[in-house]
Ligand code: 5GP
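Okay, here we've got a single chain as structure tokens, the form predicted alone, with questions on binding and movement later.
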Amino acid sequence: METVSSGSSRGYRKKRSPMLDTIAALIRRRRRFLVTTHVRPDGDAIGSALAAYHVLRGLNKEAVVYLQDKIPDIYAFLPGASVVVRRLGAVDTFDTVILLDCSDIRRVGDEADKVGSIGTVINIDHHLSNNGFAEYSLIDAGASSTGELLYRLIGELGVEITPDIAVNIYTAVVTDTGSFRYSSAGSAAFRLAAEMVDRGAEPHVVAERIYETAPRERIALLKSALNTLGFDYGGSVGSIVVTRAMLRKTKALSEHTEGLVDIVRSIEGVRVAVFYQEMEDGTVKVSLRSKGSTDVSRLAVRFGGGGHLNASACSIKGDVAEAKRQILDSIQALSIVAG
């Protein structure tokens, strides 16, 4: 096992990487691939997985993309979305799994053990909390997205970047940088996005489908959730809540909660935005966003989660009130914000 930093997104320069070479050579030799990512997949996870599928098909490899959860409707337009399977049968036909955007194999979901039993695991990820659990690990916490790391691998493989690959990688980059608003959006992210546009990605189409096609159920949910908006630590911490009752009343889906935390983050004076979602299994999903150098990944790791400086997540057992208490106590204990 080796992890590698192939250059930060702030002024990324192509560098020779032994692990990049090794993974590329391995992919060339293998024939049957399973591609997967984490539960409740976001734009980076989905875009990277679908881009990897098209890359493998371009190399005349057999490839299956498995996701435990359905692709949210806002990403259903991405090329390759229709090939995704949500049931994983026998895995003995696969010789290699490409695990994307996962800092821990348990993040795959219920089939993690089955996925891990496949002979060779290639892990491509940019989460700071990744400890290099896979034998073949390409990890760079300085990358804007997993999509950026996949782009480096594509270059090593010498695969032509088709419009189908381009739109998926562009989506991975634009969503994981918060539309280029997070600190991860360095010069490399902009250069990569520009190249994907040159290769066929259409920014206005991606923006319209992801950010400007909200179903009415999501708007109804937003209206209800805004009633829970609250502030702590002199207004530097803002939070919003979605309960199971809200989802039932508005007929909204869990995927419709995506982006709600960013509304809180946009409020003047808020340094840390917290989104609490009551889950069916008796836990609370906590999404964290921050501005500038405020590091919410330290907060997520405290509860077994992870992520990045400005965007992280975790889960806490108990109800929303208990989750709030633990998060606020930890913000104070870790001196995440002043006051």
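Computed from a prediction, not measured in an experiment: that's the story for all the values here. Just count from 1 along the sequence shown to find any residue number.
The same protein also has a form predicted in complex with guanosine-5'-monophosphate (5GP), omitted here; what follows describes it.
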{"query": "Every residue of H54, V159 and N168 near guanosine-5'-monophosphate (5GP) in the model of the complex, heavy atom within 4.5 Å", "finding": "no"}
{"query": "Contact residue in the model of the complex, from V270, L67, V64, A313 (heavy atom within 4.5 Å of guanosine-5'-monophosphate (5GP))", "finding": "A313"}
{"query": "guanosine-5'-monophosphate (5GP): the contacting residue among T250, T96, S103, S137 in the model of the complex [heavy atom, 4.5 Å]", "finding": "S103"}
{"query": "Contact test in the model of the complex: S290 vs guanosine-5'-monophosphate (5GP), heavy atoms, 4.5 Å", "finding": "no"}
{"query": "Contact flag, R218 vs guanosine-5'-monophosphate (5GP) in the model of the complex, heavy atom cut 4.5 Å", "finding": "no"}
{"query": "G305 within 4.5 Å of guanosine-5'-monophosphate (5GP) in the model of the complex, heavy atoms", "finding": "yes"}
{"query": "R107, heavy atom within 4.5 angstroms of guanosine-5'-monophosphate (5GP) in the model of the complex", "finding": "yes"}
{"query": "Heavy atom within 4.5 Å of guanosine-5'-monophosphate (5GP) in the model of the complex - qualifying residues of 26 to 63", "finding": "H38"}
